[in-house]
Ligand SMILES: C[S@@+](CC[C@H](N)C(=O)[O-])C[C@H]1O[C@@H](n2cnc3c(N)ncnc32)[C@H](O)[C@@H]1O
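Before any questions on binding or motion, here is one chain by itself as structure tokens, the form predicted on its own.
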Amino acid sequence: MTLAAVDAIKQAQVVAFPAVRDGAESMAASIAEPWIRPEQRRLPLVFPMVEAAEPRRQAWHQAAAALAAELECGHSVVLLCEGDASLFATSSYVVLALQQQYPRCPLRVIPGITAISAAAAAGAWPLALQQDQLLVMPCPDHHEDLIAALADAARQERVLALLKLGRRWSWVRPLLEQQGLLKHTLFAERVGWADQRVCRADLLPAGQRPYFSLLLIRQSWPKVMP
């Protein structure tokens, strides 16, 4: 965690955090646990992991209403987020809902460490060098989309960061092997946790991986190198 995040938690009277359902463990709260004091009130906010739009939209607006209510009571509130609050984060939707429903609500978004940066650091793997491009995207659902992304990345000398790998690894690994890219790909899952795994992709067999897994794929290197 950054020093700014730790300071924000220490100063808050209410610590809000995401959970997939009532009573479920929150990964974000677990990360911040060492800095949450007993006298601080905890406020779980439920964000269901579903594909349907309406339940998600309701959850975002309900969370915004709960946070705004705390602020109206004069409480200082912090909303925890895993990774960076602006990169594929549920908190981004809550911020948008707050801006829409409560435009006078004071907001401060504190940048965090992305899983991409943490994985690259753990693997001593440079994300981008010199004139490299870096494309961050969810892992495609279909073979042809990934093949097209890889081909375009090769033409543009672009490094690919594929998030939300999970179950797709079952077919992504054979595809990368066919393309001769396994040794040029870094795999990472549950970065920052005690059971994190960061390794070259060719060392990991095909199969389903956790939702919090990603790939960093480099197909070329700059001309000027050590």
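Quick caveat: nothing in here was measured; it's all calculated off a predicted structure. From 1 onward, residues are counted along the sequence shown.
Note that the form predicted together with the ligand isn't included here; everything after this is about it.
- For a residue to qualify, one of its non-hydrogen atoms must sit within 4.5 Å of the ligand in the predicted complex; none of Ala148, Thr185 and Arg218 qualifies.
- Interface residue remark: Ala121 is not counted as part of the site for the ligand in the predicted complex, having no heavy atom within 4.5 Å.
- Proximity of Ala154 to the ligand in the predicted complex: non-hydrogen atoms within 4.5 Å are absent; the residue sits far from the partner.
- Proximity of Arg190 to the ligand in the predicted complex falls within the 4.5 Å heavy atom cutoff.
- Residue contact check for Leu181: none of its heavy atoms lie within 4.5 Å of the ligand in the predicted complex.
- A single residue from the set Ala97, Ile110, Ala89, Val77 has any heavy atom within 4.5 angstroms of the ligand in the predicted complex; that residue is Ala89.
- Across the options 35-43, 173-181, 160-168, 52-60, residues that bring heavy atoms within 4.5 Å of the ligand in the predicted complex belong to 160-168.
- For the partner-free chain shown, Glu82, Gly83, Asp84, Leu87, Phe88 of 61-88 come within 4.5 angstroms of the ligand in the predicted complex, judged by any non-hydrogen atom.
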